[in-house]
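The chain that follows stands alone, in the form predicted alone, written as structure tokens.
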Amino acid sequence: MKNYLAIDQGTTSSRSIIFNTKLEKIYDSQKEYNLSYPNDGWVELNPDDVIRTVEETLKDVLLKCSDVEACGITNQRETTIVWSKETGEPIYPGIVWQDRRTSAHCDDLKLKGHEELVRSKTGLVLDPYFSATKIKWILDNVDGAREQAKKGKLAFGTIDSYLIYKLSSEQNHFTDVTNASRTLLFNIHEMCWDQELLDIFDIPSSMLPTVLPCDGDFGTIVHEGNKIPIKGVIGDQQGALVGQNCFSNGDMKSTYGTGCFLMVNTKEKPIHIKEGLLTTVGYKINGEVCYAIEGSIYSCGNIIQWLRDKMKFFNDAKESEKFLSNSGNSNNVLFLPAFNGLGAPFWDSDIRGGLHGITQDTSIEDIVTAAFHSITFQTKEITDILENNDIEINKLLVDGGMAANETFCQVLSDTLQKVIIRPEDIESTALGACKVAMIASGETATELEGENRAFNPNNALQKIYEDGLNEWRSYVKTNLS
């Protein structure tokens, strides 16, 4: 039986997992690192922390199993690193996908009338979330960067590109179609970098990586004399789509990690929905391009981290389940999950978080329940838009760290009034990277054996959650800029 390595580089941690050909997890290592918040709405990471934690986890698993057929990489998307082609060193910290510092520039581009062109070519909205305005900010704010870029001396990459450059013996400057499609610079219809978009954002084409299909040949990791080909690269949310076997038209998954991302496979047809959802590349495997519709929610697991680390309500994220009411009752407390603005369908960079309805009677349970409700309510906003556009939802496949919380899964089911299906292995992003590497190696990636857990909606709670959602919607509306 062959073994495959998956590198899962996330927003706050790096993970390496070795799977066998039955997609069973053999060895697993995970290391956390810290983000920094230099100014309001700014979120940065140290690229050295990313490489260090990836290398540490690789060492952990490869010491236990060095016989690896191929490697797949999945990563946080949109996060932007610019480095020197001469030294290989970043010229500025990585600007994380959550960062909102370029919101004024995005507003200026909208005023200049670029929004519709950008959306028609990329499937995305003009928002600081994506990479293009992050690149421009670095070029405009780091001394000498613009001049260096014009001379062809700087490279841009999302996290996958940076990992490939740092880990591959060839120092390849590559990316895949899913990560490229999140930059605002990639034409998802022609499947290439778009010069008109590069001109709008004032970014030299010499900075960009070569774009390969997800199952391309990305280079070679050399460890202790062993050569491991990198055969698969896919953005984390698309990785979860593959990991959850969402290969058919209409298949849908929602990943609850640092943020929440609901994605629907639309196969060869890119469908545009105007009400705040994104059109993106789902994957390109075996020469087939599949598109997807995505609803992106900025704050999810980081809300629970905040309740743990800043509010000190509990010592472990798992303990949050004890404080979450399963009756739909938050004692009229409402939570606005806008630490760095709101994503789909609102796309508001300036709004910030808040609590409403607190009285002397308010408890920790009420605040924690309201925080979880803000996640399920945002998911409901997205599923309502999908259904209003004739996309049928009978069930929703969930994964990510928060899916381990059974009370949360039940509350999600009761909020949506849909069946929620949770796989035995909730880390679908890494599984997707493994599957792509297997497929590229000529292996058949079969469905992982194991029992799925179904959460069925409690119809008796439907009215309670509908009323709570309407109150929350009104609260959000009063705070939108």
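Treat the numbers as computed from the prediction; the structure is a model and nothing was measured. Residue numbers run from 1 along the displayed sequence.
Below, we refer to the form predicted in complex with a small molecule, which is not included among the displayed structures.
- In the model of the complex, the small molecule sits beyond 4.5 Å of every heavy atom of Gly468.
- Among residues of the shown chain, Gly341 is not one whose heavy atoms approach the small molecule to within 4.5 Å in the model of the complex.
- Mapping the unseen interface onto this chain, Asn302 counts among the residues with a heavy atom inside 4.5 Å of the small molecule in the model of the complex.
- Although the partner is absent here, Pro337 lies well away from the small molecule in the model of the complex, with no heavy atom inside 4.5 Å.
- Shown here without its partner, the chain carries Ser13, Ala317 and Asn405, all of which come within 4.5 Å of the small molecule in the model of the complex through at least one heavy atom.
- Though the small molecule is absent from this view, in the model of the complex it lies within 4.5 Å of a heavy atom of just one residue from Pro209, Gly400, Pro213, Gly219, which is Gly400.
- This chain is displayed alone, yet in the model of the complex one of Tyr283, Phe372, Phe186, Tyr129 has a heavy atom within 4.5 Å of the small molecule; that residue is Phe372.
- Contact annotation: the small molecule lies within 4.5 Å of heavy atoms from the stretch 252-260 in the model of the complex, the single such stretch among 252-260, 343-351, 104-112, 289-297.
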